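Following this are structure 1 and structure 2, which are two forms of one protein chain, each written alone as structure tokens.
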Structure 1
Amino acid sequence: MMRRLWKAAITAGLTGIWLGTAFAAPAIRLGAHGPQTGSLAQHGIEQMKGIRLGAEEFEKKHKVKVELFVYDDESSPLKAVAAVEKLAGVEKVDGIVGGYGSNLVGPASEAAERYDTPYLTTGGVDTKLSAKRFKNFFRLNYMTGLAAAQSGTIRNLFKAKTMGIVYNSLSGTTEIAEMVRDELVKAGIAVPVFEKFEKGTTNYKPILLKVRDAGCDVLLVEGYFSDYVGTIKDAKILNLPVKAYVGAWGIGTPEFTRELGPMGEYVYGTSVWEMGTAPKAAKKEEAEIVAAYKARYNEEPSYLAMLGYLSTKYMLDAIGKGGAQAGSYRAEQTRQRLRGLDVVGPLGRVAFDEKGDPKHFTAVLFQIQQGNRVVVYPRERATGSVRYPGVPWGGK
């Protein structure tokens, strides 16, 4: 009897030690910055929803406390730098996710490099960002895959003859506009209108009149939330005679739908992920993330939210596997884990090259149909058929 009691006591003690170790593991300190106010807030808010859910789900799954520090960079490059400096220098976070807009992510990533802190973004696609070859810089999406989806749709699906391209003068939108223009011209498609507008523009009619006068088949707007709202509303006023309206990132978000309603019908957006586009091997993971997101926010996730979630998951996995040591050792272990990442997830295959770029990234083009985002290109990832020609104001 005594022997059995002694053995039970030893077992209970060992179990207590194991449980204590599991739950007493050092908390992971994760930093996040993004525009929660200012001109890019509509994008950053969506991104941050995914980040918050990603941290919560990681805690549940791994029983490791995640201390999430979120800073609003107010859509300002200077505030983005200040946010990263506070996260890395004051909060002493183990890694940073977030950032939206190449003009914000660029200086923010420089700050992360100075503080030797791993930085994984989903909102900076300018090719110049990775050309710096920072050891701490990683991203899930970049310009080449986004531009290829736009030019491929216009060339192969629309078979357009003439294009009007108007773009925000910020670095990321300027680069994708130039990249798509070059690809279309190379394919024999005329681009008689290639015009930039400044951030904060509210009257787009003069630039849209050039598109009308040139007889363009398609209008491509490389911009952000306010640019889409402004150009679509002005195009309606002018009854712009085009067959399609194509935009870059941020179209189809809940805010976009609430602001434009029926005026968003038939509009095309560039996306990294849409419901149902995950590879077969990642369908289960996609469904689990969507279910958790719906339970948390009572709405379906946008691609920005999915990007925020996955960047958080991959960063926390890398930090958690990097060991309990703090400082430079843990940072290097986290970087090694990120460099060694090679998984198939909702975005497709994810692995980083020596510059931190995603080696296998491809984007999709979707069209809003009856309020739903229907992927139409590339055909192998399509979830429905295209409605072309078609713009919400009539067109031609």
Structure 2
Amino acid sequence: MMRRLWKAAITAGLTGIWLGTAFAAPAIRLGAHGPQTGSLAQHGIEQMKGIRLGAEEFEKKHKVKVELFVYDDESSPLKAVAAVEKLAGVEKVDGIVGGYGSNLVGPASEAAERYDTPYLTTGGVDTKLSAKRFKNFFRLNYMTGLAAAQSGTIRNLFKAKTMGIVYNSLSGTTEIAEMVRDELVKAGIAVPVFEKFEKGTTNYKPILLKVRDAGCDVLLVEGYFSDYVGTIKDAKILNLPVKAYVGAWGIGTPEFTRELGPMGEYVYGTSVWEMGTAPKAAKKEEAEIVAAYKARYNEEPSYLAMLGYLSTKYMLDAIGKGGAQAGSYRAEQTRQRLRGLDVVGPLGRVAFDEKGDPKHFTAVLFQIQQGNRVVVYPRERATGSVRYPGVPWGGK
């Protein structure tokens, strides 16, 4: 009897200590910056929704208070530097997430390095960002994964022989266009049309005529919303004889559907995550995140929101597991945890290489079929089968 009582007392005591420790863990100070105003605001606001939810969910799940400091960098590199100066220099945050656009993430990550603050971004895909091998720099998405999804689809799924690539002259679209071209040429696919257009272009017919004259099988447009609307409308006017139309990010958004309606059918878009594309091992996690997001915002999460959520989760996990010493979390411990991260989540397997780039990052290619985004590549993440050839205006 006494023995039992002792056991119960010890168990209760240990549980009390554990719970006490859990609740007594110091609050995690998390910094987040992103464009909430300015030209990139639409993307930054989406991303921030995921970040806020990620912080709330972590707090609920781990019973550790998360103090979230959000800073609007106004789509300006100067303000991106100010963001890190404020978050790391003044608020003394334990880690920073967010950032959208390589021209903002570049200066911000450099400032984070000066303050020795771990920085996990989801919005800078330029390969040069990790060239300096900052010890605090980590990112969840990467240009090579996006390019691989496009070239993989064209090579393996379409088995195209000739390609026309037209791209917006902005940084991200130029880099992905060049990467895809190089990969396709290496695979023996001819790219007779590789044409750049300026931001604000409204008449795409001259370059689409080149695609027609070269007899390209597939048209790849590396651009933004207005570029897709313009090229699809002009392709319809020309009845462009191609078998498929592939675009980069921004296809299939509510805005896209509103503007193009049935003219968006059969179009392919590139994405980091789509509902249902999580690997088997992460289906439950994906469903939970989506449910929590719907409950919080009354809408489905976009891939930007999912990236924001997951970056926050991974960063907070790393800070929390790194543990606090003398009432504060150590950057070195957080970095070590991030470097040692190797999990399977809604984005697939997540682990970082020595430069902070995601080692296993893959993107998906989806096709709009009856208004829905059906993931067709890679096959292990596919949610349906491809309808090829097929373009909204008839084509080949």
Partner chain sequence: MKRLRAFRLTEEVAAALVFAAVAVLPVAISFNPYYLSIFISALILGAVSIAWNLLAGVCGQVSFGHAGFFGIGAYVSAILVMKAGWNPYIAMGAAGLAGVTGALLIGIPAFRLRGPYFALAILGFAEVMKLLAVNLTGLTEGSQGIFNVPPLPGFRVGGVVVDFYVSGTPNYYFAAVLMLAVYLAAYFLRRSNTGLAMFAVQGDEETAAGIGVPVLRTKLVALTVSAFSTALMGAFYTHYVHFLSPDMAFDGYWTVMPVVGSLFGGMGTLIGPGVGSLVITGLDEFVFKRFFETGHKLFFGLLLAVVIVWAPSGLLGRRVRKTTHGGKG
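Throughout, rigid core stands for the largest set of C-alpha atoms superposing within 1.5 Å between the two forms. FYI, numbering is relative to structure 1, first residue = 1. The shown structure was predicted, so the numbers you read here are calculated from the model rather than taken from an experiment.
*Asks:* Between the two structures, is it 1 or 2 that corresponds to the form predicted in complex with the partner chain?
*Replies:* If we ask which form is the one predicted in complex with the partner chain, the answer is structure 2.
*Asks:* Using the rigid core as the reference frame, would you say Y167 shifts its C-alpha by 2 Å or more between structure 1 and structure 2?
*Replies:* Yes, the C-alpha moves 2 Å or more.
*Asks:* Quick one: core overlaid, is E255 moving 2 Å or more at the Cα between structure 1 and structure 2?
*Replies:* Yes.
*Asks:* Could you let me know the angle, in degrees, that the smaller of the two rigid parts turns against the larger between structure 1 and structure 2?
*Replies:* Domain rotation angle between structure 1 and structure 2: 17 degrees.
*Asks:* Report, to one decimal in Å, how far the Cα of D213 moves between structure 1 and structure 2 once the rigid core is superposed.
*Replies:* A shift of 8.4 Å at the C-alpha.
*Asks:* Once both forms are fitted on the core, what is the Cα shift for K199 between structure 1 and structure 2 in Å?
*Replies:* So the C-alpha of K199 has moved 5.9 Å between structure 1 and structure 2.
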